[in-house]
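Shown below, as structure tokens, is a lone chain in the form predicted on its own; questions about how it binds or moves come after it.
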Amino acid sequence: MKHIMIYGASSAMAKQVAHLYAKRGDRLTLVARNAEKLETIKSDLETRYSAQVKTIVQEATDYDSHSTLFEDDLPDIFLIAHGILTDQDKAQSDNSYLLNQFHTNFFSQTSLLTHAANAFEKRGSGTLCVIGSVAGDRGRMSNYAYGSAKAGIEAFCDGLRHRLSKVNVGVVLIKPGFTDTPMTAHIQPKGALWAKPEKVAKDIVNAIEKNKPVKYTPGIWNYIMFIIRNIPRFIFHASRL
């Protein structure tokens, strides 16, 4: 039995990951800001799998509370799954909104990763995992506010992985493509490239088990983003992608 802590546990992908770990008998600590949603998820997991589930209510941008997660009962796996899909038009016209988006999508995640990494490094074991996005691979006019936060997370994970390479601590970055979740419900229509949260969750658990540094999910995005990253800038700009 392993101890899995999931931050942002009420998100669609996180809930599916929780089901996979609970089904195999692992112990779970679920962290999110909505107590009612957490209790619903906890009750479901306990009923379905007789799982051991603890819940913690915490706001991601309450930075002072982050360290308390790692004072006692340190998890074996820490997954960060919270985030907001930024409205690019609003980010361009409302600077306060833009900065708040960075607090949720970048600063809160790097704060949590730092506290977890320090605790895991001291213990000498564990796996850190964070859900990024293919949007971080190249800045695009339609989502560069969101994508730049995800690009920053990737650079942060690269450095953290380099730092922790001398100890037995893994750092896994998940890069989903289009995923059919409540966060993307407003995007219509949804085509062949859209994945279900269940598929992404399986890839997350598999990547953690194999300690893969970076995992695109579904795998086709590895090839799509390779092409997009390597389009010459003058062609890329002319294409208005």
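Remember, it's a predicted structure, so these values are computed and weren't measured experimentally. Start at 1 and count along the sequence shown; that's the residue number.
Although not depicted, the form predicted in complex with a small molecule is the subject of the following passage.
K.L.:
Would S133 count as touching the small molecule in the predicted bound form under a 4.5 Å heavy atom rule?
P.N.:
Output for S133 is yes: heavy atoms within 4.5 Å of the small molecule.
K.L.:
Should A149 be classed as touching the small molecule in the predicted bound form when contacts are defined as heavy atoms within 4.5 Å?
P.N.:
Because no heavy atom of A149 falls inside 4.5 Å of the small molecule in the predicted bound form, the answer is no.
K.L.:
Can you check whether G83 is within 4.5 Å of the small molecule in the predicted bound form, heavy atom basis?
P.N.:
Although the small molecule is absent here, G83 would touch it in the predicted bound form, with heavy atoms inside 4.5 Å.
K.L.:
Does any heavy atom of T181 come within 4.5 Å of a heavy atom of the small molecule in the predicted bound form?
P.N.:
Output for T181 is yes: heavy atoms within 4.5 Å of the small molecule.
K.L.:
Within 4.5 Å of the small molecule in the predicted bound form, heavy atoms considered, which of E209, E46, E59, E36?
P.N.:
The option sitting close enough to the partner is E59.
K.L.:
With the partner removed from view, which of 137-145, 124-132, 89-97, 156-164 is the stretch that lies within 4.5 Å of the small molecule in the predicted bound form, judged by heavy atom distances?
P.N.:
Among the candidates, contact is made by 124-132.
K.L.:
Could you tell me if all three of S10, M13 and T104 have a heavy atom no more than 4.5 Å from the small molecule in the predicted bound form?
P.N.:
Every residue of the spot touches the small molecule in the predicted bound form.
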